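Shown here is one chain on its own, the form predicted on its own, set out as structure tokens.
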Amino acid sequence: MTYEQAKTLLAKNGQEHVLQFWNKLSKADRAALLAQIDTIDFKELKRCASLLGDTAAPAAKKGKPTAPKVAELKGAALKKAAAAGGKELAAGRVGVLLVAGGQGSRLGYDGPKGAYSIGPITGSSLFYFHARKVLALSIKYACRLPFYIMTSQGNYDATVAHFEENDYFGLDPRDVIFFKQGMWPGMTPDGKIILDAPGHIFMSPDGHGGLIGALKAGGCFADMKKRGIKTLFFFQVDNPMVEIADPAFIGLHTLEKSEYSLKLTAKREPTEGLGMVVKRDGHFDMIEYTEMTDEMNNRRTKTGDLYFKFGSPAIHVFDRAFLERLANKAMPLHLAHKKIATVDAKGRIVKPAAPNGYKFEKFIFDALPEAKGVTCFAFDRAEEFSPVKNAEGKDSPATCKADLQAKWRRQLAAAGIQVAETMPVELDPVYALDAADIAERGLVLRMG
């Protein structure tokens, strides 16, 4: 993009101020600013701007929310689903999709969150445990299991470097596909793009719902079609407990002919910060935990259970064709009023004391009402969910390491091997994904 092209485009969209410091910029800064402008979808930007200035409360969604049916599979039903999922894996029709755009700043770590050390003994990263599970499944089912990893603009290079430095954790590099999340400019309340430096537009990620557009832009849908991928397992980087491409989950999704399936877990307390899947007028929807009323949080069934019992930790399965269909539709936008550094008329950087601008995001669960078939599958939190979100307290590295080790000890005990509670333990997923693997292959254990 040339300066004249940028000037014309910005003028057409009422954003001429973006070039106001052009004459003061270095050659490198000019090139970088033009590159930023070239990435902006001004049609989408106009849609973002149309939401600004509306101080009215959002219209309430129609229909009374009710709790959905949640499958709690056991015995023969669980075996049937697992067998169906195993067949899909062995046939090479499954792909794995990881959302890993975050930084580890909240954990005091300078780098991609996925590179954060979580191994109780080895200090291995979150990426290590995810990648080794993908490798274990590809070995177990004798298949190529493509691993699609969505990064952000800011952590793409560091994420790729982490995989390269660790020899892709044993995976074939051809089966690890990195792509970048979309970025949107921040805007003032009157719809102007925010500059956070004289030659730089403030940009923020477009949310996990931006995944769909990023898959298309990154050529991932084309890659999936070429490979014959029909089903995608989706998860977030901060949960090393996740059972990646769980055959029973994949199988239930396939047997139910769903387009969108979700794993749900019982909330540990009524107000836990998990989204709630509900039904409204025959359609599925997600209510964010911040939108749950006290009455909804504490409503009980006749047996005393929470009525809205199961929350979503963002573990999903999608039909590829469903996501491709959505790539051609405009998903809902969500606004966040934030403090955003900006520049004054002289180009001096100003850090505001109060929120002064807006970020825009898309949420993946906004795809729920569009799905022709939705399945909810209950899972045991102790086995599959212990995220690393906070430096201390709940959902911290300390709680995650304790939960990981408790799971490994249960697997070892089920295989007839007792490990003292005081002895640290760590299992490589490639050697054992579960107790059956331990019993079949013998013990390969790291103890400290």
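The first residue of the shown sequence is 1; numbering continues from there. Because the structure is predicted, anything quoted here is derived from the model rather than measured.
In what follows, reference is made to the form predicted in complex with uridine 5'-triphosphate, a form of this protein that is not presented.
In summary, among the residues Glu361, Glu88, Glu324, Glu243, the only one with a non-hydrogen atom within 4.5 Å of uridine 5'-triphosphate in the model of the complex is Glu361.
When uridine 5'-triphosphate is considered in the model of the complex, only one residue from Pro205, Gly186, Pro247, Gly95 comes within 4.5 Å through any heavy atom, namely Pro205. The stretch among 349-357, 99-107, 224-232, 274-282 whose residues place heavy atoms within 4.5 Å of uridine 5'-triphosphate in the model of the complex is 99-107. Although the partner is absent here, Glu259 is not a contact residue: none of its heavy atoms lies within 4.5 angstroms of uridine 5'-triphosphate in the model of the complex. Interface residue remark: His316 is not counted as part of the site for uridine 5'-triphosphate in the model of the complex, having no heavy atom within 4.5 Å. Remark: Thr342 does not count among the residues lining uridine 5'-triphosphate in the model of the complex, judged by a heavy atom distance of 4.5 Å or less. Taking the partner from the other structure, uridine 5'-triphosphate in the model of the complex has no heavy atom within 4.5 Å of any heavy atom of Arg409. Taking uridine 5'-triphosphate as it sits in the model of the complex, the stretch 233-254 comes within 4.5 angstroms of it through a non-hydrogen atom at Gln236, Val237, Asp238. Note: the CA-CA distance for Gln103 and Gly123 expands in the model of the complex relative to this form, by 3 angstroms or more.
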